[in-house]
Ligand code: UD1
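What follows is a single chain, given as structure tokens, in the form predicted alone.
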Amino acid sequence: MNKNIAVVILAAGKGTRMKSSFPKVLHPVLGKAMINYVVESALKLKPFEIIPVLSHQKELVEKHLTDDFGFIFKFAHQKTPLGTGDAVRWAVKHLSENIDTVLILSGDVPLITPELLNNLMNNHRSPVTITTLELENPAGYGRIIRDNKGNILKIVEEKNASEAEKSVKEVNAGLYCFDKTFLLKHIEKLTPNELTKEYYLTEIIDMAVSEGTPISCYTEKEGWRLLGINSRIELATATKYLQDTILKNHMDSGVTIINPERVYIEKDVLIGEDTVIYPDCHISGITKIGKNATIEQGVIIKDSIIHDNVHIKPYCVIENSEIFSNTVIGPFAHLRPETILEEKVKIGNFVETKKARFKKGAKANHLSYIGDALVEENTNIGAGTITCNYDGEKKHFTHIKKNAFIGSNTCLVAPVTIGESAVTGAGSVITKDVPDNSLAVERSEQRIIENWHKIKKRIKK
């Protein structure tokens, strides 16, 4: 691929039809801003530079792109959005001298792929190349007008099209490739449209036709990949197209998805073969799930690593955690960030963990909170146990050594260490370290008050 490519991304529009105070190109598609998909596809071409053209809330869009991709952009700021032609006029001011090809993309077309862009570049055999597609309902798109020999005559925006031109189903997809010298020569010749007072990049096509300059064309057969997003409905439509593609790829790779209509899986998620995903699961971020795992109903997983043969029971929430092989979790467990569960760990119903590491074979089966803790091998944590890790100012650490047994309703007041094979009595509040092989019991002596029902009546009088 030519190394001297500049990619211009048009991202200055307000997105009026979105009815949002938020920049249109930052609205998420499967958890990722739509402009991110465009940037990621463009980066596969290894361009020399990328120039986003911004206007509406430009500071917010610029910060988002810089936070997500680093300082790889040369931002162009369109003072007043006056159409695609005006946007490109601002962009070309930032082109480096050694650029010879300019690829122009739209920031609101998130379903494009590197393969599509490669096809467009491979069809760039003349000073200007356009991308088209066929639509059964072409409303809202500029129409491609050809002569009897199939040569492109012009592109007509819908608001300026005649009834006959509106019936044309081949439309302009808004992706262009120009030789830089041709673009620079013609971009300053654009004139404002009589009706809209905007500068249309498509006028350059008219100039090329009048000069006899050949126009190349790439027609994308999968038109949905060039779906532009201008409304919430189109946002939902694009999301469904992308979701269907992602789920199909997983199923083709050996993943069982019991009901694809009721599963949410983001683009960067990896899933191994023979894993089963039940309905209503939500799997997002940089998540990797191994082979032969079972993810039951209603599970939420974000930015986590799930190894082979893990069984996650219904309605668990897992965030920024790692779960090793042959571990069982849930139902209704909550693994908060920095939880690590080693092999054959059991985390049961209504157990919450945070910044905790459970070593091989450790168990917390019921109704417990374990935070800022190391739980060593084969330890058993009884129901209702909590690590009291926060003193109102700082977090403190709890260390439970291997083969320990923590009785039900134990409060472990950190910092504290429970020794190997040590036991805590049910209902104890442990504030001091417990030596190896010891029993720690802390509870007040039980008192029996006989005839309490009679005493209670006298007290009420």
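If you're wondering where the values come from, they're calculated on a predicted model, not measured in any experiment. The numbering used is simple: start at 1 and walk along the sequence shown.
Not pictured, yet referred to below: the form predicted together with the ligand.
Taking Y200, F73, F182, F324 one by one, only a single residue has any non-hydrogen atom within 4.5 Å of the ligand in the predicted complex, and it is Y200.
Residue in contact with the ligand in the predicted complex (any heavy atom within 4.5 Å), chosen from G272, P127, G348, G174: G174.
A residue is said to contact a partner when one of its heavy atoms sits within 4.5 Å of a partner heavy atom; G83 meets this definition for the ligand in the predicted complex. Although the partner is absent here, Q78 sits close enough that one of its heavy atoms falls within 4.5 Å of the ligand in the predicted complex.
Contact check for G228: a non-hydrogen atom falls within 4.5 Å of the ligand in the predicted complex. Although the partner is absent here, V109 sits close enough that one of its heavy atoms falls within 4.5 Å of the ligand in the predicted complex. In plain terms, the part of the chain that comes close to the ligand in the predicted complex, with a heavy atom within 4.5 Å, is 101-109 out of 101-109, 336-344, 359-367, 117-125. For the three marked residues, V7, P47 and I215, no heavy atom of any sits within 4.5 Å of the ligand in the predicted complex.
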